[in-house]
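Form predicted on its own, single chain, as structure tokens, below.
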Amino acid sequence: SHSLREMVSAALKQGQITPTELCQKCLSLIKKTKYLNAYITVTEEVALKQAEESEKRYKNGQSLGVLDGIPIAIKDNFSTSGIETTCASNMLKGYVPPYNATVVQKLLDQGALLMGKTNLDEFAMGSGSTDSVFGPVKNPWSYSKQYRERRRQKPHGENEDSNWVITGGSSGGSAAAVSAFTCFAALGSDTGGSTRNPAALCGLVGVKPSYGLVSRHGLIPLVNSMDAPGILTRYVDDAAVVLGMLAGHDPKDSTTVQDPVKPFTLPSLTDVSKLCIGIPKKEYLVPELSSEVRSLWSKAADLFESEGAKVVEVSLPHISYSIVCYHVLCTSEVASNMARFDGLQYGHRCDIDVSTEAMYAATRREGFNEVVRGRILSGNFFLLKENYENYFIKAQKVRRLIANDFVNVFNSGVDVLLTPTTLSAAVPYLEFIKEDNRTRSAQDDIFTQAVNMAGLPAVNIPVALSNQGLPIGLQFIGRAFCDQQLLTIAKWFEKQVEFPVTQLQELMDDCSSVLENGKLASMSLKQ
């Protein structure tokens, strides 16, 4: 494995490369891949200053550990002290938080270098990263050798520039940033699949931890009962390193676990014969699932079986209601959360001063896009006194049934569930924007949403390239708080599939000089 710990940390320790050189490499790649629109804010000065401090520590033999001197990026819905945080919305353009989110603080305390804040769907509502006021994010794989070569065989008269495919969302900026090698790990957020979906479409590992394992303090809330900070990396080991550093109780977030969480390194699994893998075929084998994903899903199950694992078909009878249930709960919490953006204390304020009411209305009309406004309106409808019992309360009951379905499956001896992550590989932008956001989000998060409602850990693992040369991933779902076991199994699986590295021209030009024979591309955090 070429994980970050193995390569980068070792190279930094042995002085083959300095934190400043690594930082400058990443900054130069950010400039070269500006067309991807992965970053909203690039924090060049901050990163170089942090690199300088990291360098001093390495010189004095006082490195803070695996992440010291490692470039990372943060989705722009995490508060960063002194650095603009916009949620990709007009509502927060120019808003500079006075504090860091807990997860951001923890990464900086470990010596990580902050490269910048990444692009997303406005307020993280979407599954394509196409709804940002800063414009859509482009998937680096659109420009990879693999995709271009396989696409040449197709006759196409259309303009090259409109041919790019989406990153998935809403953490598409973070996914593009890691995928284009401008950083080694990035934070996303995951409310219904917003970390796993872009991970699948960009060929990355995307982890959604158990609800309550990682602090949400400073993550601008979408749905408090489902949000989880997500982690995007190129290798499972790297995600585990980051998760180990982020996990644990935070007095500022009452929903975090009370027991101390031990930092976890993943044991190497050599024997899977004692494992039981559950396949929710009946509910997840939907007609919209592309034949490529279906066949990879079944090959993955065969792989476990051929190595002696027990593979069983399981049923999650209430999962078919999850989309509608999620919609009610999600919009209700959104309506409540978005009330704080009223133009009074911070963020955008319109010029209308006829009355407070008119100011509120115009501020919100100007500040939010129609997706956000639509969810606020839906949510307030479900929360009306006369609708509350019929919608919100009913949805909460269904949510409990869905959570119980998972409990029953895990109680029957299943260790992890294996499912698709997305219906297909990434689609071209022009195709994606034909549908409205609501339809898209319902379809695109069909395999991921229930996990958030049940508070379980899940991870996307890149498996193979589609016949178009685009990444396809599969999802593993674990028992609540068995994140380490989940990642251990995912790591074994990752080793079996050996997913290819994306070949970007910028990278090939840039990396030849770094760490003899261009190892930067395959570098990861492992010791």
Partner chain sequence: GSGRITAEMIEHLERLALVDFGSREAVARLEKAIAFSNRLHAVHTDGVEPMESVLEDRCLYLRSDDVVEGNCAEELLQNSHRIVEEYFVAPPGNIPLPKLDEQEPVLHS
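What you see is a predicted model, and the numbers here were worked out from it, not measured in a lab. Numbering follows the first chain given and starts at 1.
FYI, the form predicted together with the partner chain isn't displayed, but the following is about it.
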In the predicted bound form, which of the stretches 338 to 346, 275 to 283, 143 to 151, 169 to 177 has residues with heavy atoms within 4.5 Å of the partner chain?
-> 338 to 346
Scan 303, 403, 296, 433 and let me know which has any heavy atom within 4.5 Å of the partner chain in the predicted bound form.
-> 403
Could you check which residue among 105, 265, 380, 163 gets a heavy atom within 4.5 Å of the partner chain in the predicted bound form?
-> 380
Taking heavy atoms and a 4.5 Å cut-off, does residue 481 contact the partner chain in the predicted bound form?
-> yes
Could you tell me if residue 318 has a non-hydrogen atom within 4.5 Å of the partner chain in the predicted bound form?
-> yes
Using the partner position in the predicted bound form, report whether residue 110 sits within 4.5 Å of the partner chain, counting heavy atoms only.
-> no
is_contact(residue 384, the partner chain) in the predicted bound form, heavy atom dist at most 4.5 Å | yes
Would you say all of 310, 412 and 493 touch the partner chain in the predicted bound form, counting a heavy atom within 4.5 Å as a touch?
-> no
Residues in 26 to 47 with any heavy atom within 4.5 Å of the partner chain in the predicted bound form | none
